[in-house]
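One chain is shown next in structure tokens, namely the form predicted alone.
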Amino acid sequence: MGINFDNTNSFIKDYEYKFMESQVKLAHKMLHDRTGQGNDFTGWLDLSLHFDNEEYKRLLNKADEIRENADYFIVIGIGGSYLGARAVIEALNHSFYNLIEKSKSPKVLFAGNNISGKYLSDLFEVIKDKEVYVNVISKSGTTTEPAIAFRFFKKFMEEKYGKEGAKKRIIATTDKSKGALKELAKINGYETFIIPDDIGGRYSVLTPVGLLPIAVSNINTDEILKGAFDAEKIYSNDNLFENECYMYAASRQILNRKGKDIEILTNYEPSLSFISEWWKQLYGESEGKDGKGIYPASVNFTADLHSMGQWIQDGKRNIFETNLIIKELGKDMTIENEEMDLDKLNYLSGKTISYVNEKAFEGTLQAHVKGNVPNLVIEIEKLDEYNMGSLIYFFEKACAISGYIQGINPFDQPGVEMYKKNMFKLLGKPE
């Protein structure tokens, strides 16, 4: 994995990076010495040093059991409790993995990430006659959206399998020792996996929160962890100019100080659309506070070039782009010659779709830079488990460094509580 900064050269001068150098060193020290705000939520930083291998083996055994016995695996969670897992599952699986009848893994569906009676009703219609396992993910067990969904799923599973059968098919990923879900799991005999105390939801994809659903979908989690653990070492250098992760964080903050306060994450591969959703939560909750923050947006190209492309090219000039480019996808198709050529595409005969997509990216990049939009390019060698683990760690660490440079706590989310207070009051929740 590497980053190309060439298309920011006309927007960021070399001396601006020099000015940023001491700030990056300080942010690095705050993070690694655990002296910065939110330091009690930095367990993801050196996860390889305290990774629970025994729990991981148990997790893989459970994933094997689920793959052998389930038609559907339901993941109940919201925010960081589902976005990371869904991002990896959709990025690394077949584009239509839930439509393949003879699959090596169950179909993975998600619940508890909205408050929609229609969505939940439709979901039960799909799974009512199928073999089902449920993974409810919540540190507290009282988060409204997943708690509501789990009430219905608990009843569904007990009616379908009986209490004894249901307890073998419901898995709780929750706090080690406290909380409503932990208590419920203990009372009902559910197998549990731990959300570490020192890792917040949006940084939790490399814990059982993400690893169990990912493993159930038959993705090699060993390789994901290897990529992430190697990235720990690669991005541990406090020298700004020798650490591309820190260069990305610094570039974002330099551009932000110049009025570029919206970052648009772009991709040219539909499989990456939920990577963007995970990334938006990671940076939105981490940086959007104290009246500060770069607004994280995303587009899926080339589709969104026919909608958002006009705004990006000619709209307000407070944006920059970060492009996710996959160099090797593993699958492709070649355009063939047509005798009549009514669609005027014979000039592309013999070329692959990936080649056309690559030229679309290059043409868009040139146009947007000319339109005063700085562009960073993250190049990923291959869309596989190892590179996905590396990308996850890269974004997590860059987010922490960027937050400290900005002067905020990148590990809390006080603003999330406001809508809850208002909603609970309107619903008449007891104090």
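Numbers follow the displayed sequence, beginning with 1. Only a predicted model underlies this, so the values are computations on that prediction, with no experimental measurement involved.
Although not depicted, the form predicted together with a further copy of the same chain is the subject of the following passage.
Asker: Considering a further copy of the same chain in the predicted bound form, which of E223, D197, D261, E131 comes within 4.5 Å of it through any heavy atom?
Answerer: By the 4.5 Å heavy-atom cutoff, the listed residue in contact is D261.
Asker: Give me the residue from A172, I78, C245, L211 that has a heavy atom within 4.5 Å of a further copy of the same chain in the predicted bound form.
Answerer: By the 4.5 Å heavy-atom cutoff, the listed residue in contact is I78.
Asker: Even though the partner isn't displayed, in the predicted bound form is G162 close enough to a further copy of the same chain, meaning a heavy atom within 4.5 Å?
Answerer: No, no contact at 4.5 Å.
Asker: Against a further copy of the same chain in the predicted bound form, would L348 count as a contact residue? Criterion: heavy atoms within 4.5 Å.
Answerer: Taking the distances in the predicted bound form, the answer for L348 is yes, it comes within 4.5 Å of a further copy of the same chain.
Asker: So in the predicted bound form, does K57 come within 4.5 Å of a further copy of the same chain, heavy atom to heavy atom?
Answerer: No, K57 stays farther than 4.5 Å from a further copy of the same chain in the predicted bound form.
Asker: Does at least one non-hydrogen atom of K167 fall within 4.5 angstroms of a further copy of the same chain in the predicted bound form?
Answerer: No.
Asker: For the spot marked by F11, D52 and G407, is every residue within 4.5 Å of a further copy of the same chain in the predicted bound form through some heavy atom?
Answerer: No: none of F11, D52 and G407 comes within 4.5 Å of a further copy of the same chain in the predicted bound form.
Asker: Tell me, please, which stretch of 214 to 222, 312 to 320, 131 to 139, 230 to 238 lies within 4.5 angstroms of a further copy of the same chain in the predicted bound form when heavy atoms are compared?
Answerer: Contact criterion met by 312 to 320 only.
Asker: Of 189 to 216, which residues get within 4.5 Å of a further copy of the same chain in the predicted bound form if you count heavy atoms?
Answerer: Heavy-atom contacts within 4.5 Å come from no residue here.
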